[in-house]
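Take a look at this one chain, the form predicted alone, written out in structure tokens.
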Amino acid sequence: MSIEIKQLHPLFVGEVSGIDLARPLAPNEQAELAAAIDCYAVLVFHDQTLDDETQLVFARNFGKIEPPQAYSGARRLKHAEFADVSNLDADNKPRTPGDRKRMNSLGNRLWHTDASFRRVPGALSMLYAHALPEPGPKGAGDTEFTDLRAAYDALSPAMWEMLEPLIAEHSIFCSRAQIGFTDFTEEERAAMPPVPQRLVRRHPGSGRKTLYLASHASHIVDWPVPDGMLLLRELIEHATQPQFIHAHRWRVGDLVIWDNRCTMHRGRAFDETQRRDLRRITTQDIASTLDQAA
């Protein structure tokens, strides 16, 4: 069976069938998927059967794996390359409302781009669903994505010209402070200092210009802080209009890949008394956005 892709949104998102990600990729399959990521920015694979080892092998087809975030506390997962996108503690039980890891993870419900707070930011994220809660009044834990290429295209030429040279400073502590969580150790803060990133970048695969936004972005370098904060907020509001957004409703066995270089995403609420076990691997970009061609 050959790979088939169905576009799920008028602007982006491809649903991929005809491939088993648990087996090694042939070179032509890897090239086809890489081209699809450049085109669709988000790829959805249903009915996959992956364990942590096979997910890790698959992810390594697409680049160097991002190092784990510096964060104290017991790890639930064996491999440090994984981000534990679950509501579970080291004993596989749902975390309590005041749990420190839970409070930090709530920042993922803000619109963001994975690892933009690192000097070399994230490129592709690959999130796999092991266990999911039943939908309820609080929601189903969907993940929403927005196409920052289309959002850039929708701006005026005058805005393109103004935004082109701008640099934003990104910090994980900025996004967490927005939800009132500031409980980080000095070691954690020292391990993740603020970094500058371009506000507009050219996607290396598609060649398209794209905004590069995240709740991690605190201000515009060399601008008065209030002006920069307002600009960032206005751009995020622009980029998260309904016409740019796709919501993914998770099923067990789903693997979703998204390109952090040209999308933002956010998690949505769910019943946190039930188990929700998703595990993410993110590849590194090739360099800081400042070191890449604009």
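For clarity, every value in this text was computed on a predicted model and none was experimentally measured. Numbers follow the displayed sequence, beginning with 1.
The form predicted in complex with ligand OGA is left out here; the points below concern that form.
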query: Which one of these stretches, 162-170, 137-145, 220-228, 194-202, sits within 4.5 Å of ligand OGA in the predicted complex when only heavy atoms are counted?
result: 137-145
query: Can you pick the one in Leu25, Ile19, Leu278, Leu11 that has a heavy atom within 4.5 Å of ligand OGA in the predicted complex?
result: Leu278
Heavy atom within 4.5 Å of ligand OGA in the predicted complex - the one residue of Val85, Cys174, Leu132, Leu155 that qualifies: Val85
- prompt: When you measure heavy atoms, are Ala41, Phe244 and Arg261 every one within 4.5 angstroms of ligand OGA in the predicted complex?
  reply: no
field: Exercise: Leu211 in contact with ligand OGA in the predicted complex, heavy atom 4.5 Å
entry: no
query: Hey, in the predicted complex, does Asn108 get a heavy atom within 4.5 angstroms of ligand OGA?
result: yes
- prompt: Does ligand OGA get within 4.5 angstroms of any non-hydrogen atom of Leu127 in the predicted complex?
  reply: yes
- request: Taking only heavy atoms into account, state which residues of 87-123 are within 4.5 Å of ligand OGA in the predicted complex, ordered by sequence.
  value: Asn108, His112, Asp114
